[in-house]
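This document starts with two versions of one protein chain, written out as structure tokens and named structure 1 and structure 2.
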Structure 1
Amino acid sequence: MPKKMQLKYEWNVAYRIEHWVHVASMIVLIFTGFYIHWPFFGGGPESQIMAWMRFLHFLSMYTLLIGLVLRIYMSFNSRFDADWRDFSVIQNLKGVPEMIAYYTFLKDKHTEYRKYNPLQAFTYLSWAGIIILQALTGFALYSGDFFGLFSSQAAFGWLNRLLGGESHTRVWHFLIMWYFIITAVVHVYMSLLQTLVKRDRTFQSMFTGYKLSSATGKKR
């Protein structure tokens, strides 16, 4: 075990389940979203396959929203680690240049943080906001009813008008999806880089819960 490093239980079962449910939901959303936009196998817009794809798309979005609500709740109320302080915008801004320099190999080390480095914290905060925006644009594009109670486009038509029409809403929905894809790839890259360079088991920790952490990690 590296000197000055100690094995720490970084993620309990609840945090790991939330993480992997989030990952699974995003994969299904991206796959079904591409299919809804361009049915690359099976039937056309009115086929049974398309109906299932739309169902899975909305089911995954509801799952993602519920997961977001639970994650916010855990951030403030988890007995294991209520980590809301780690997302302080003011404190994290100071560390962004250093982290960019580290991940682009301009610096060979960086300040140790308690749980999330500044780039991680800002990425996760942006995901929370983007998930909400993606859900709103999706509801604005949906032409059906909510459980027969009210029309989705009647309830969320204001967003179409705000963005300049349904076609513009569709473009925003598409661009947000690509934001998720790109930032997810960067997230995996950063995790693997941290694991390979520092050998701290960052990547494995989302499976096992355990990570090697510096005993002198920066407190929030």
Structure 2
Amino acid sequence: MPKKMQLKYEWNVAYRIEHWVHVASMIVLIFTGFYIHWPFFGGGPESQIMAWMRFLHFLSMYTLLIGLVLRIYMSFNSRFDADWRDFSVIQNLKGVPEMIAYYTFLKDKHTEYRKYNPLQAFTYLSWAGIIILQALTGFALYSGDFFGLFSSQAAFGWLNRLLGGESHTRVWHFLIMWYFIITAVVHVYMSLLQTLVKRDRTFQSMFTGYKLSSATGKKR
């Protein structure tokens, strides 16, 4: 343990579960999504492989959406850590140049933030946005009805018109997924890097909840 660092309870159980549920459903979504885009292996004679892939795809999207709703609820109402202030766009914009300078090796140190640095905050905020976008485009592509109440086309068909037809909705749905894949890979890389550079157990903290902290961080 490097000097002047102490254990800090960073993530409570709810945040950790939420994180891993999102990871699991995202992995399922990406895998089944690629399969639906281009079925790269066939099923056996009695298989219902594509039907299962689609079922899992829809199921994990619902899981993800419910997770997002809970996450938004927690960020306002969590007794442990209601962190919605950390996502303030205006506050974070000021910190962006410094973070970019840090990550491009133009600066050696950056301001310590309470929980997320500005780039992190923007990325996570964008994830909330793209989950909603993926849900909307997904529902627009989905043909069926919701509990027999209304059809997906009646509810979300406007989006197809806006984007120029279902084929274009499909392209957007696909490209937005790539945005997520790339940012998620960067996310994993950054957490590993942080763990290695600062030796602060960032990576482990999403399992244990505890992280090493040298400073109390900037107050918001």
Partner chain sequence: MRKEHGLATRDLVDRLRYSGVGRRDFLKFCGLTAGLLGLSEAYIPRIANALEKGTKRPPVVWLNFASDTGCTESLIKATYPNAADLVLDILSVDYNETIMAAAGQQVEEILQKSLKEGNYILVIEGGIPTKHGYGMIAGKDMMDIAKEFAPKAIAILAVGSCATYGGVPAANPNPSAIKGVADVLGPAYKGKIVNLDLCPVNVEVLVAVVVNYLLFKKLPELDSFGRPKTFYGQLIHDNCERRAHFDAGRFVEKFGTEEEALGHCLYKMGCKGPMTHAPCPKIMYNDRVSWCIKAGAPCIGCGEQGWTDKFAGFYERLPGVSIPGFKGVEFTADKIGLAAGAAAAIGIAAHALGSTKRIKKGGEE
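Superpose the two forms; the largest set of C-alphas matching within 1.5 Å is the rigid core. As the structure is a prediction and not an experimental result, all values here were calculated from the model. Structure 1's sequence is the ruler for residue numbers, which start at 1.
Looking at the condition given, the form predicted together with its partner chain, one finds it describes the source of structure 2 alone. The two forms, fitted on the rigid core, differ between structure 1 and structure 2 by less than 2 Å at the CA of T183.
Shown in the overlay between structure 1 and structure 2, fitted on the rigid core, is a CA shift at G164 smaller than 2 Å. The two forms, fitted on their core, place the C-alpha of S47 5.9 Å apart, compared between structure 1 and structure 2.
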